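The data below hold one chain only, encoded as structure tokens and taken in the form predicted on its own.
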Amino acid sequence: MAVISTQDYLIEICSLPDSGLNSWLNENCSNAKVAILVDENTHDFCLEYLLTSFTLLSEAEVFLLPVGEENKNLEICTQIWGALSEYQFGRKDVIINLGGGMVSDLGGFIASTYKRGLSFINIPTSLLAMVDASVGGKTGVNFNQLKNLIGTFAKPKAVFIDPAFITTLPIDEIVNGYAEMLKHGLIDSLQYWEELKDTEDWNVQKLSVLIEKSVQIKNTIVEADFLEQGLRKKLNFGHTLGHGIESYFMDQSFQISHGLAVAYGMICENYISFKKGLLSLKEMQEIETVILSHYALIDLKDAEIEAIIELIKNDKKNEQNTILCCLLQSIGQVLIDQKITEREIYEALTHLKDLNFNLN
């Protein structure tokens, strides 16, 4: 068992039956209503495990969310708020978010806004949620085709990470979460990057060790800057361009995962770092090679590049009509609040497009 203490809540990494979840439920839910938020996948593959392991949850209300990032919106929130109201949930009641990144983001937002805040815990079931969405206290929903435009800073009461849920995931979902782990190495630890880039085995035991390291890196950063006034912005590496790419395809018939979008964003922001003279050619090429060994590229059209740039111009991290992002100085060292131009973004996205052309 790995226990990571934060200032206000506990993160445990171990099997759920061996965790402190039962004690937490006894302490907080004996006289409280409980709602479990799941999507269609976690309903089918994870919910029974939770319910049969914890008898206190036998009377919990289960709210089913549709699968997909496109459903992380205010309409779905309204439906769940309505259900909570119908079941007369009060401010001492509890929401359990059982799912991947979408469930963690959406469930946390629903809980943090309903009656000015219900207690919630996260039980992440995807690798992405384990190393990113479930920890750190950010919640959010998409709005007007913009990623996480509406959200809150709201800490869960606890996070229980059971690596066994990884066995329910297809390989694409594991690789989806791996992108955020690569990011943790790039922004914080050369040693962790070296360990990650040589990882070819996705077994639960190996991933459990890597999950703990990623969570430790993210938690240390968040604890120092919860409201993202400075240091926490490091975690946005790959996300300025990545969110633009993800947002564009959110409205298309062909959609891409968050992890894949972040991988593309890291390639682009890595390239901008090199072009600005911040990053050596050797490290730029190493980063690019590692990412390309795990993620297939897509064929970007010129019109799509222009549309993505328009979305990036409205990124929530921008200030005073200036596009800001994180850029690398070296592997393990990142600069925050770096101004980049539309021309630099265009060149980086064109570089991404050319990589796909050259590989094919």
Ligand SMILES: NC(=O)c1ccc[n+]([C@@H]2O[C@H](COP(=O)([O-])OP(=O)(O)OC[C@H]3O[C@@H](n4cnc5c(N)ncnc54)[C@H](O)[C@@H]3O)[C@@H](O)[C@H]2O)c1
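Quick note: we count residues from 1 along the sequence shown, nothing fancier. What you see is a predicted model, and the numbers here were worked out from it, not measured in a lab.
Unshown form predicted together with this ligand; subsequent notes refer to it.
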| item | value |
| --- | --- |
| Stretch from 75 to 83, 124 to 132, 88 to 96, 197 to 205 whose residues place a heavy atom within 4.5 Å of this ligand in the predicted bound form | 124 to 132 |
| Contact test, all of Phe45, Val67 and Thr168, partner this ligand in the predicted bound form, heavy atom 4.5 Å | yes |
| Ile245, Ile287, Met181, Met102 - the one with a heavy atom within 4.5 Å of this ligand in the predicted bound form | Met102 |
| Any non-hydrogen atom of Asn28 within 4.5 angstroms of this ligand in the predicted bound form | no |
| Partner proximity in the predicted bound form: Lys234 to this ligand, non-hydrogen atom cutoff 4.5 Å | no |
| Exercise: Lys155 in contact with this ligand in the predicted bound form, heavy atom 4.5 Å | no |
| Lys138: touches this ligand in the predicted bound form, heavy atom cutoff 4.5 angstroms | yes |
